[in-house]
Structures are given as structure tokens and as C-alpha cells.
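The chain that follows stands alone, in the form predicted alone, written as C-alpha cells.
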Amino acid sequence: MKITEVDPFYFQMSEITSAADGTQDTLLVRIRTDKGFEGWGECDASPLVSIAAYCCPMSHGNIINIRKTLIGETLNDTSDVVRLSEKVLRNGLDIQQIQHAYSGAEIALWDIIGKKFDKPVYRLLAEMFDVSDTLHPKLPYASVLFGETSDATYQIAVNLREQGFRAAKFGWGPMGKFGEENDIALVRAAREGMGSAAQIMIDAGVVWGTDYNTAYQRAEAFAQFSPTWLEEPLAPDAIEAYSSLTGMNPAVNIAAGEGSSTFRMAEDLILHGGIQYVQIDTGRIGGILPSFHVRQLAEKHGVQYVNHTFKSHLSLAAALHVFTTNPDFNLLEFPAAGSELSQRLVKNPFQIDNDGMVRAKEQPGLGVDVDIEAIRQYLTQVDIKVADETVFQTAEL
């Protein structure tokens, strides 16, 4: 079959704030074929910047946009997904956000192939890489921001515990901005609100840059509250600083990787950063296939693979297919406080089962369906002209 349409769509809430909340807007990519198949994917990226990678006029042989590369191409099986990904990245060699932007399209290609063969994506991956296709449940940890105060954080944690969450991650907000005493108070509130039996994770939101000494001091101070990890205490590319931090053997495990927009960035963190948990966002790194390659690298080096998903359940579906067949990677970042847009984006969101676990869906492709009517109100029309030529116009939804 042939690819006939590659359409990015920009959705946003009516008000965008400076909060570290990636659910306030999103870029969805829809791909259609001449055989009637349709696939969807989501990017965790700036929508307008990413749209440029889909429509920018050709500059030369290394700057050819994603749509031009994909439309008219053959898509019959998983080998075509690999081939087309290589072609997109080669044609867009000098488009600096190419992997990040392409994530949505790559995920949509997998969705189509799964629907064509009537198989969930995780089974396609198992066949492709000759691994077990047994589905393993994951423990969801509610992913939320710290409250502006320790009291607010405590209440957020209590609410999550009352909803039945046995694990939760608290991040960003005031963490690291008002001194050690305030940081400790925030973590204490999270622990007390969730209770002693629950897992808590702390996301520092890259607040200490390259200052691994402060990161180490906070890890030692937080250890009394038994967090599962301290996440992204340093900048995404601060590999040497991460190496110095982990080399000091802090009392809390160190997690990082959500900022990896290429496989190489994640590889560097695993091989040279010394991290214990690698967190990969399928909507940033280039989609499902490079995420699976990071999973394989993590398996080889004894690092725990965890999804990074602070978006919708469309992103959650793509992320879960990557590692649901590994029984040892048992934690799932679960969006728990996103915008109305993110909560309404799919018709069949994931549910937490009676045993407190989440399982990948057995339906073909990603297993979730975009709810067009529910999110239509958030669609933002985009028209881009160069001189008198229209190079992009939002398609009919």
C-alpha cells in the first residue's frame, strides 16, 4: 500500500502557562494509506517548530521535509517502517529537530502496520526482535508536579493515595529554587501524603544544571524518605557531571533520559553517565523503534528502563508497547493530572486493573482511538506561506 497523507495537527488549551506541564498543547500526526488504513502518533514537542520539519521547503539534499519523504512511499510491513525511518532521518540530516518531530509519524506508521496485520504493536516488535511476546503488567506511578508549598504537595499526595495509586512521582515546581530546607519539606510532604508503603519518586527538573555536588547533597538528604529515585537533577547533556554524581555513590538511585532526542544521547547516559534508571519518551527520541533499541541497551547493561510520558494516553500506548514484554521493567509513568485536552484525547484510555496494575492493550496497532469530536475544540488552524506559496495548511480533521 501507498502513503497518501501525512498530516500534523496542532491542539492547544485556551490558556498556556509557564508551568512545566507538557499537556497544555500537543502535536498529533495522522497518516493515511490508499488501502484505507489510518494511524495516529503524538509528539512531545513544540507543535509549530515540529510542523516546520513536516513542511519546510527543500534547501538541499539534506533538508527535505518529512511529508515530502513519506507521501507516495510503500508501507507494507515492519521492514518498511525501518526503511522509511532511515530515509526520513537521512533526508532531514540537517533539520536539527528531525527525530523529535518525526516521532509522531513513526508511531503512526506502527499503528497502521499493527492494524493491517491485526496485531498489537508489542507483538510486531516481539516478532521483529525475536523476543517473548508475553505481556507483563506494570505498576503505574502517578506523574504530577509538586505543589507550590509543602502543604499543597501533601494534599496532592493524599488525593493520589485515595485514588488507589501505590506509587507517585512529584516533580518540578519549587524544587531546587528556595534552598535545601524547602526541598526537604517538599519530599517529606510527598512521603507523608502517600504513606510509608507507597513508592515515591522525585523529579528535580534539571534544576542543578552541572552542579553534581548539590545534587549529591540533596540525594543524601532525601534518602531518609526512601524515594525510588532522584530524577534529572542535572541537565540532559551533562554526561560528565552525571558520571561524577553517580561515581560518588549517592544513597538514592539516579534517573535520567527524558531529554534524549536521539538514541545516542540515551546511550551516552547509560554507558558514561552511570544512571540506574533510563527514562525514554517515544514522542521525543524518534518513536517506538529507537525507544526499543534503548530498552535493549538497558537490558544489556543492567539499567532499568522506564517510559517518560507526561502527555496523553496516545503517548502512553506507544510507550507501553516498547517494554511490556520485559518482566523486569515493571514501572510505568502514568499521567495523572494533565489538561482537559490530554484527558479527552482518546476514546478508550488505560484503566488501572483491580490488582493495581496497567496492561498494554491487545487491540491492533496502538490499541487506542483518537476522539476527534472531543478534541476538535482545541484544534488550532495553521497556515504557512513562503512568498505567495502556501507550504502548509491544517488538513480536514
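Numbering starts at 1 and follows the sequence shown. Here the structure is a predicted model, which is why all the values come from computation and not from measurement.
FYI, the form predicted together with a further copy of the same chain isn't displayed, but the following is about it.
Undergrad: With the partner absent here, would I16, I98 and I239 each sit within 4.5 Å of a further copy of the same chain in the model of the complex, counting heavy atoms only?
TA: Answer is yes for this spot.
Undergrad: Only one of L271, M248, A251, V82 gets a heavy atom within 4.5 Å of a further copy of the same chain in the model of the complex. Which one?
TA: It is L271.
Undergrad: Counting only non-hydrogen atoms, which stretch in 211-219, 229-237, 287-295, 148-156 is within 4.5 Å of a further copy of the same chain in the model of the complex?
TA: So the stretch in question is 229-237.
Undergrad: Hey, in the model of the complex, is W172 touching a further copy of the same chain, heavy atoms inside 4.5 Å?
TA: Yes, W172 sits close enough to a further copy of the same chain in the model of the complex that at least one of its heavy atoms falls within 4.5 Å.
Undergrad: Is K385 part of the interface with a further copy of the same chain in the model of the complex - any heavy atom within 4.5 Å?
TA: Within the cut-off, so yes.
Undergrad: Do T262 and a further copy of the same chain come within 4.5 Å of each other in the model of the complex, heavy atoms counted?
TA: Yes - in the model of the complex, heavy atoms of T262 and a further copy of the same chain come within 4.5 Å of each other.
Undergrad: Please tell me whether any heavy atom belonging to Q343 falls inside 4.5 Å of a heavy atom of a further copy of the same chain, as the geometry stands in the model of the complex.
TA: No, Q343 stays farther than 4.5 Å from a further copy of the same chain in the model of the complex.
Undergrad: Which residues in 35-70 have a heavy atom within 4.5 Å of a further copy of the same chain in the model of the complex?
TA: Heavy-atom contacts to a further copy of the same chain in the model of the complex: A45, S46, P47, L48, V49, A52, A53, C55, C56, P57, M58, S59, H60, G61, N62, I63.
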